[in-house]
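Form predicted on its own, single chain, as structure tokens, below.
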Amino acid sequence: MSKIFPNNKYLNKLFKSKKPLIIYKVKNGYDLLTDFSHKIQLDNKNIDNFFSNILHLDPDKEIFDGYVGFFDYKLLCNLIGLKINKKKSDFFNKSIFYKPETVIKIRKKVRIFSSLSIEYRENELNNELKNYEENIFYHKKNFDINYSLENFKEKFNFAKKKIIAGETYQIKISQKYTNNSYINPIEFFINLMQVNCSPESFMIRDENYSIVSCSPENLIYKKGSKITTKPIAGTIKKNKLMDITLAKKIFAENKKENKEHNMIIDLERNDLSKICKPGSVKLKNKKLVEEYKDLFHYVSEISGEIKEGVDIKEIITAMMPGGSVIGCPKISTLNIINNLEDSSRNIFTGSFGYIKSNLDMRFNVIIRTILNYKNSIEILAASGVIFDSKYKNEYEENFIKAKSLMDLFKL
């Protein structure tokens, strides 16, 4: 099938169909989740019931005793008491979670675990393929951008004034790249994984939208009482002469990148401290350098031990939206962003992942992501502005972050 997925008859049929599915990057391969028995679109009114229902699932009777899906940026802001002004392209403010009945573990071999019988799954898929009408996919090569360099300079200068006034120390300004396309998400995901296989990558195909992501950033990994977060703050553009050793040296000597990273470390420590036992929050790995297709990132890992009695909502509201894609301090900076940015973030800087009945969870930060809805594509990127920042550098950084995704449209 590809270098990413082994040749498997059932997978081939599944990919060819229009059946809703999710593919999630895991340590040694991918997990594919499908046969969703429940799909729920979350809002301010039903989210508490959703969290409560997860706790009542029975892990002994479940293939996957939880839900997998994503929170959008607007809902996450609402959960911490912030209202978002209506904005341009406010067209996909959705938070959607799914309950899978089939989990396909794709490693060197393919293993299928399902609450449904083999006969039922095969018959359902064969019937769907009989009635299959081929989609007419198309994609344009070029993208529009919502801010010209001069537009971005105005936003940048406004942010700098807020920094000088002491209302924020760092603020992430997002840019949006758009075109009109209708993509095959399976094909795009395979192509993306072959060039930029990031640790928090995922793909969703549903009947009226798709998401393809090579997110590199883990926001929450919780197993038992242990929780970790791996904030990314700091970016260097790659060139042919640069290897990871040189990138480490450049990062170490770059005062701006170090200031930006230190701020985010402090913010994430503070967020973890809200839900963790006193004294348990530790910086495990500081300022590691990770390599991706077009850039290098500065990454740290922070861990803690969850206090007894902390519930799902408390964890979500303490950690989301992720500070590395907002700035700090979080609340005042979010208020500035919501007045500064003209266009809705939609799912960008939300979080994708899973929650299980025992409160184990894993969530990323939704960045480096293609959203395809109503034949419209949007890709967002954000760069961090601090006192020492230069607007041309931040504008270029946003382009570098979005480039690996936009390059797929040239294939």
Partner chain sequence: MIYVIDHNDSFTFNLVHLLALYDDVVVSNYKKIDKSYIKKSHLVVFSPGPGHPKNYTETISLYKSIKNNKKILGVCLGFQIILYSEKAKIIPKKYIQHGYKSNVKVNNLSLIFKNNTTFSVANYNSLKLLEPFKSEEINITMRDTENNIAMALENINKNIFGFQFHPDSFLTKKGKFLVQKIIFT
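Positions refer to the first chain, counted from 1. Remember, predicted model here, so these are calculated numbers, not experimental data.
Not pictured, yet referred to below: the form predicted together with its partner chain.
*Asks:* Would you check, heavy atoms only and a 4.5 Å threshold, whether A252 touches its partner chain in the predicted bound form?
*Replies:* Judged by the heavy-atom cut-off of 4.5 Å, A252 is well away from its partner chain in the predicted bound form.
*Asks:* Would you check, heavy atoms only and a 4.5 Å threshold, whether T168 touches its partner chain in the predicted bound form?
*Replies:* Contact with its partner chain, yes.
*Asks:* I'd like to check something about R269: if you look in the predicted bound form, is any of its heavy atoms closer than or equal to 4.5 Å to a heavy atom of its partner chain?
*Replies:* Result yes; R269 sits at the interface with its partner chain in the predicted bound form.
*Asks:* Is there a heavy atom of P199 lying 4.5 Å or less from a heavy atom of its partner chain in the predicted bound form?
*Replies:* No, P199 is distant from the partner.
*Asks:* Its partner chain is absent from this chain, but in the predicted bound form, do M263, S273 and L283 each have a non-hydrogen atom within 4.5 Å of it?
*Replies:* Looking in the predicted bound form, the three residues M263, S273 and L283 all sit within 4.5 Å of its partner chain (heavy atoms).
*Asks:* Among G309, G224, G81, G279, which has any heavy atom within 4.5 Å of its partner chain in the predicted bound form?
*Replies:* Answer to the contact question: G279.
*Asks:* Though its partner chain is not shown, can you say which of H297, K155, K330, H139 has a heavy atom within 4.5 Å of it in the predicted bound form?
*Replies:* Going through each option in turn, the one that passes is K330.
*Asks:* Please determine, with the chain shown alone, which of 186 to 194, 97 to 105, 70 to 78, 159 to 167 has non-hydrogen atoms within 4.5 Å of its partner chain in the predicted bound form.
*Replies:* Selected stretch: 159 to 167.
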